[in-house]
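Heads up, the chain below is alone and in the form predicted alone; it's given as structure tokens.
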């Protein structure tokens, strides 16, 4: 069995690989993170949910700091934290349901007992009882009554019941949650492994025969999406080359080998060709809380040209790329890479007189996007807030 010392070694290994960019790409990073967190939940010793939450946050914080530009790391950590809370809440809810059913049975027995006493016993003088301190047969009813009253008082804003007492107690000891949490984590891992297939299965609903589709850069999600549609539909693809990385050349080669009619164009020809295009299908590095995209450089130009020509822009992405972070500073999500592909260092005199910035990503505003195709179906940008609420807890926005 893997011990705590081996677990720390696995954490440090992933942290170092993230720093050295040995693990790149949102999907690879997400899968590595999910596998590590499953190991953390399985190996670590804990019997309280708050201990596990703090442990996952600590490990997740190290991974996020190792590579802040990979937003998928933080997304998976937040998904796991929400998953842990949901399992705990479900367990507490089931316990309360069982307690309520037991209370109802005791209440029925008490009523039968009181009815018998009314028939058999002579009338007695009325007495006044202190219900809060009474410990007779009806004590369970009294305690549940007062707890319900306290909850209602707290709901109405009375200060007599503190919010801490009304909230869930994560300090409660739980000895049977680990198998359930591990099972849920395995479902998350399976979801990541089947991500591309689930998105590609929707291709026939969005691509029709004889269409002209434009894409930009190289995206594995878009590649499988287009190849799946090409099995039954005949259409043409226009690929922007995305200089200076020229990722579009790799994408065009892969699509042409699959028998798809593919044309590569320079980035400067995007606006001229857009009038002939039926729709734009692209991938993304991350989706922010407002529906904006962090995508490969050149995407902003494609989306703006599509907006001018009223061409729909469809984004293929998995839910693991959906981030609850808001782009208050768009440049903080960008990354500058070596300027050598733009202007070689052999230029000598010229390179000493200019400053060259080579951004790797573009920020695409949400009003330029028409539809998101995720592994759970198609969603408009206005629906993303609902997906964020379903997958993340507000307490985990900052890890």
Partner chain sequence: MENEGNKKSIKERTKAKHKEKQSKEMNESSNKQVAALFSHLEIAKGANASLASRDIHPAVLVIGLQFADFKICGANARCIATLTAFKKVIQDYKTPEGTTLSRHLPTHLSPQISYLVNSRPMSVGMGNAIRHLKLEISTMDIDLADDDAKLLLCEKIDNFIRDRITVADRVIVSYGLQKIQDGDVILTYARSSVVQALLLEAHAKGIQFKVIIVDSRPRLEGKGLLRCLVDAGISCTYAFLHAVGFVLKDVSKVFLGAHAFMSNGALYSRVGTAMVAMMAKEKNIPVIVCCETYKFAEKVQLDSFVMNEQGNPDEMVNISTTSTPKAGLLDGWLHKPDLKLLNLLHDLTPSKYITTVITEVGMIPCTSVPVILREYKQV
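Numbering follows the first chain given and starts at 1. For clarity, every value in this text was computed on a predicted model and none was experimentally measured.
The discussion below concerns the form predicted together with its partner chain, not included here.
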Q: With its partner chain left out of view, choose which of 51, 65, 43, 342 has a non-hydrogen atom within 4.5 angstroms of it in the predicted complex.
A: 342
Q. So which of 191, 211, 250, 223 reaches within 4.5 angstroms of its partner chain in the predicted complex, heavy atom to heavy atom?
A. 250
Q: Please state whether every one of the three residues 259, 263 and 357 places a non-hydrogen atom within 4.5 angstroms of its partner chain in the predicted complex.
A: yes
Q. With the partner left out of view, is residue 204 within 4.5 angstroms of its partner chain in the predicted complex by any non-hydrogen atom?
A. no
Q) Is there a non-hydrogen atom of residue 267 within 4.5 angstroms of a non-hydrogen atom of its partner chain in the predicted complex? A) yes
Q) Is residue 301 one of the residues lying within 4.5 Å of its partner chain in the predicted complex, judged by heavy atom distances? A) yes
Q) Would residue 58 sit within 4.5 Å of its partner chain in the predicted complex, counting heavy atoms only? A) no
**Q.** One stretch from 236-244, 67-75, 312-320, 83-91 that, in the predicted complex, holds residues within 4.5 Å of its partner chain by heavy atom
**A.** 236-244
